[in-house]
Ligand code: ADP
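Shown next as structure tokens: one chain only, the form predicted alone.
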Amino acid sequence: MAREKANSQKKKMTGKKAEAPAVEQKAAPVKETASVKETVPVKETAPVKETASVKEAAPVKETASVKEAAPVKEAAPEEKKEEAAPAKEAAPAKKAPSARKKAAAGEKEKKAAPAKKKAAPAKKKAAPVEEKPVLVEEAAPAVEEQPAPVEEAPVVEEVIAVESNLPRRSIAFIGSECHPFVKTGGLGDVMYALPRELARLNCDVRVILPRYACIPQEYQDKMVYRGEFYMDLGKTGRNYYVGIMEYIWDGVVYDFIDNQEFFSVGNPYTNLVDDIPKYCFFSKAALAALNYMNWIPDIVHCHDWQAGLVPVYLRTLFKDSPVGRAKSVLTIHNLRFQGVYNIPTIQYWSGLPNEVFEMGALKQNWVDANMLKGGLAYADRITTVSGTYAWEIQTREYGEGLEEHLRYHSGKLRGIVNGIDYGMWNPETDSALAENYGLGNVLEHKMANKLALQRELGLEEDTGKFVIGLISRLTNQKGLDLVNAIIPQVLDGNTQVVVLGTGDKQYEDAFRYYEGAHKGTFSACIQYDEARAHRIYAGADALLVPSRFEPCGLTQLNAMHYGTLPIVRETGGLKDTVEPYNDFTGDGNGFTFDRYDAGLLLDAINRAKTLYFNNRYHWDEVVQRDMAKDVSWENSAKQYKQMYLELTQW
């Protein structure tokens, strides 16, 4: 009888569901949330193996707002989760008896699992969850409706040596891309390398990403189903499926938010019309997923505008939920991209309260809402990827319209320079190179890589030529108008230039023209080839990075680690990582120019060529100095860890 009553009440809830308003609804405040012990008579109505989903017998939260949405999995074995890899819960499941099918019959009309849904994680026994008053979302279907076959957990490919004597903190990284799953720029490298280094510093790290359709199948196949629930979104009047797929690698747990309606397009970024709803959904679903898994981090670390609403959600709709106790950090990787659209659209999709759409938060230019600006206002800390860039973005020249907002929040703003992953970028072990080399034998083996690069690209094979590499997105930001203006002067018969990248058509066409006009001297590779990029770093003598602005830059760090001297403009992270060579003292590790001017760029290139041709001994000294310089993630990760400890002093 108790089960029949529970089912009848569930049907009534379903009927009320269509009329429930969006996020703003306040019908069930958090303090009314009962523990499962009080609402689910599991032990009285069914044997343990027949335990029904909590959602089938918990009519307490008929109109729960999604900020409270941490639906309880049937028999939550999650208490060990903070210290153990969650994938281990995927044990063989017993087939549900007919009694469960009857209990789940009332839920079939709400079931909307996506086509690619993996099997539900199995449960060995129905452990009661009386001690954990987890919030229940009314719209989530029962996870155990289908039998769960055995699912193998992905193999951890590397055991990370953890410095266990350090204070432990848990951090959830939330961002839109991460190598090797999906990467369009430096953000993907940071989301991959920094969590792994933090794991070595005794941090418990999860990375939360969208499950894009473009993620390679080899990784899709290794993902393990962790659960699902439904979540309301903004003022749409609908509930959206949120699946959680998990992959464990190098001591880091990657949780992918699954929803084919938002993430079925091949590319991660399309246009603002589609991207605004996509990342409103993702930001909210990421926090709801943390509640659902009952993995509550000390720090929520968000990246760029795609996760800019996370700190806003955290302090508004989720403030009374378990995840609401976390501190938030927002990192700016490139201030140019901010997620700006008209206020009604972002209000509609986000469901955020009216007070966040004021000038001190999301509102911009009186008619627009800026997702990144809102995140900056609500975050507990703001970081950029270099100290110089943190200062530059508070000026009109680099502030992209947010300079006053950033000056107001300068007390919580700091810059931490990125590093590079020595596992990915190491000339001693790099399989893409013609010959491997290290600090001790770079002078003997680097020339072999130069010859191999010249042969590969159809350039004149001559170790006496000065080879300049340029690996970049072909856009105005990267200073390519300066490069385009001086190519004829650079190609003096002793110099070769290699360009690798794609971007604006005007630059692609210009570099193709130079390749045709200067056969054997200029090579234009209008593509992005990761292996070829490694060979250019190893085979070139110098790397050109004349950016108009550069938050951090990774190419100059890669070049230095491969013994290739950088020629850069003094801006952002380029200024922080490259010290100009001093002819009198011999100090420095590259060549720089300050003002954004083609003549000054040409002068820096000529200074590098003069040292190369006239004083090779000192050139080789700088090469070895660059290779000895520590540009790994270790120092940067320690600075992030220190910031986390400052935010969570207990």
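Predicted, not measured: the structure shown is a model, and the values here were computed from it. The numbering used is simple: start at 1 and walk along the sequence shown.
The discussion below concerns the form predicted together with the ligand, not included here.
- Of the residues Asp576, Asp189, Asp275, Asp298, just one reaches the ligand in the model of the complex with a heavy atom at 4.5 Å or closer; this is Asp189.
- Residue Gln527 is the only one of Asn365, Asn271, Gln527, Asn267 with a heavy atom lying within 4.5 Å of the ligand in the model of the complex.
- Proximity to the ligand in the model of the complex, taken as heavy atoms within 4.5 Å, picks out 181-189 from the listed stretches 394-402, 181-189, 258-266, 233-241.
- Residue contact with the ligand in the model of the complex: Asn558 places a heavy atom within 4.5 Å of it.
- Contact annotation: Ala199 falls outside 4.5 Å of the ligand in the model of the complex, judged by heavy atom distances.
- A residue is said to contact a partner when one of its heavy atoms sits within 4.5 Å of a partner heavy atom; Arg473 meets this definition for the ligand in the model of the complex.
- Within this chain, Arg226 is remote from the site of the ligand in the model of the complex, having no heavy atom within 4.5 Å.
- Contact check for Lys478, Glu550 and Gly553: all three have a heavy atom within 4.5 Å of the ligand in the model of the complex.
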